[in-house]
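First, one chain by itself in structure tokens, the form predicted on its own.
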């Protein structure tokens, strides 16, 4: 039985909570369509986004009984709610959990960088890779979401978008799409 088959997807409108920090972990979640942000609210009121999940990706892995972060639909999103004990889920759980771990480790490296351009370049490359290596990358998240993910301000993210566009490294066909024009240049910036 392929992963995600069985129960139909549950629809979550943009901005709706899938689970909250502290909620009991009873399920795993697979994005059928749309996108999800995983975040925590800091004591000073700021939001830190730790992950984005796109179609086909699973989330909700926890080491104990409660969620440590919030999960929220970025846009209209379909989520398949899975039992963590279902045999078809267990069989594919380890590779997906390891992929999530690799992404988290990569994110730690990105956040440790001094340069905002490097962070945004690495983000574009990550999103391209997650969408099959496409040069035309869909960004379901806002620039504020990207800023909260990269540990930058929205103004800095917007300036870097503009800088990369003016240098011909990217094109911005629409607000939520980026076309990577000079892939090698972007890779060099992120290295």
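Numbering follows the first chain given and starts at 1. The model shown is predicted, which means the values in this text are computed figures rather than measured ones.
In what follows, reference is made to the form predicted together with the DNA, a form of this protein that is not presented.
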item	value
Heavy atom of residue 116 within 4.5 Å of the DNA in the model of the complex	yes
Contact label in the model of the complex: residue 41 to the DNA, heavy atom within 4.5 Å	no
Contact of residue 66 with the DNA in the model of the complex (heavy atom, 4.5 Å)	no
Partner proximity in the model of the complex: residue 138 to the DNA, non-hydrogen atom cutoff 4.5 Å	no
Among the candidates 55, 144, 26, 134, the residue which, in the model of the complex, approaches the DNA to within 4.5 Å (heavy atoms)	144
Non-hydrogen atom within 4.5 angstroms of the DNA in the model of the complex for each of 182, 185 and 188	no
Stretch in contact in the model of the complex with the DNA, which is absent here, among 58 to 66, 26 to 34, 150 to 158, 120 to 128 (heavy atoms within 4.5 Å)	150 to 158
